[in-house]
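Encoded as structure tokens, the following chain is the form predicted on its own, with no partner shown.
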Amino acid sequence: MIASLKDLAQRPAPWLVGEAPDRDIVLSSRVRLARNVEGRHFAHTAGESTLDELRERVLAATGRVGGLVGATVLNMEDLAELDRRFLLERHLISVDLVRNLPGRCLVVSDDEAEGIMVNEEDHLRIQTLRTGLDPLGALKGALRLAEELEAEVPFAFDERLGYLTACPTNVGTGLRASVLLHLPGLAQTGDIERVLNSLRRLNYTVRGFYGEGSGVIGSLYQVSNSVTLGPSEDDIVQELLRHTRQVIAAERKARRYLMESEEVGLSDRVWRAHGVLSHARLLSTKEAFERLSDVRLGSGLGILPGVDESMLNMLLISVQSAHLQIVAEASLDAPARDEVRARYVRDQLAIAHTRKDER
């Protein structure tokens, strides 16, 4: 069980570290399954007493599900707004759970790889996260959780339509599969919009690092399926995998072009970014993300050999505002956060450099 949010904030997000396929471009893969309890109103039309009853019923069921035995349960109404925003930054809850509190909760495994949002838009949002390009592994985990839960709590299902959901766009499989991509090569060559528009024409949704409603920061993009009715879960994820591999190939081509045609300029950009992160005394979230993006690109291309990519991935999470304040155990205004963020990044880079020298 997770001891506290501060302990969580001080450790790397497991789904962003470790060896994984194509991890220099694909940071993580996620699958979410929308499910609703049979015979109950959808969450947005249910009263507080119904939401509380549904939550207790789901929690009783999760206690008997293998992957969630001993999992941490966080009731949204028991958390301060800063705590909820921390969980959002951690990619464990959605904006919906930041804003809507009664009867809502998060159930999350110790390694953060498996979880359930209760009474979000749907009664259950079953979520699995995996490092790198592994949407099939995420799907397998999510379907296993859903199957075990359905044995305890019957889900609303129609023979013709499939799983019934609060939003018609999720009806059928109720599946949203996504990959988090780092595409600085395509951004710097100017090919990014062409690639993203091709994905949109194939009915994929493209969002920023924070998901729905967020802008792009640090050349990080979330790509997910839009179609949930018709194809099977496996077909949806296989298609996402196929198109993601095409994007990976395009990004690698863009990176090769930059190394061949603009090597000095690219190296200068990467080393300047490393210099800023190593010495800055004030650092905004946006600048931190942009400079980390440059350093991450330099690491992948061998311009900055020996830089720990897992550490860079960890920083993308831990430099965010709520994370900094949870660790500091204090409410910080924007200038104070910029100062704390810069110091934190300097310290982490210095630790990584020391470890490199010791090896």
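For every residue, the number given is its place in the sequence shown, counted from 1. Quick caveat: nothing in here was measured; it's all calculated off a predicted structure.
Only in words, not in the display: the form predicted in complex with a further copy of the same chain, which the text now covers.
**Q** Using the partner position in the model of the complex, report whether residue 257 sits within 4.5 Å of a further copy of the same chain, counting heavy atoms only.
**A** Contact with a further copy of the same chain, no.
**Q** Is residue 83 a contact residue for a further copy of the same chain in the model of the complex, using a 4.5 Å heavy atom cut-off?
**A** Although a further copy of the same chain is absent here, residue 83 would stay clear of it in the model of the complex, with no heavy atoms inside 4.5 Å.
**Q** Could you confirm whether residue 267 comes within 4.5 Å of a further copy of the same chain in the model of the complex, counting heavy atoms only?
**A** Yes, residue 267 is a contact residue.
**Q** Indicate whether residue 129 is a 4.5 Å heavy atom neighbour of a further copy of the same chain in the model of the complex.
**A** Because no heavy atom of residue 129 falls inside 4.5 Å of a further copy of the same chain in the model of the complex, the answer is no.
**Q** So which of 176, 140, 274, 243 reaches within 4.5 angstroms of a further copy of the same chain in the model of the complex, heavy atom to heavy atom?
**A** For this set of options, the contacting one is 274.
**Q** Go through 287, 233, 239, 121 and name the one with a heavy atom inside 4.5 Å of a further copy of the same chain in the model of the complex.
**A** Spelling it out, the residue with a heavy atom inside the cut-off is 287.
**Q** Only one of 249-257, 113-121, 161-169, 276-284 has heavy atoms within 4.5 Å of a further copy of the same chain in the model of the complex; I'd like to know which.
**A** Checking each option against the 4.5 Å cut-off leaves 276-284.
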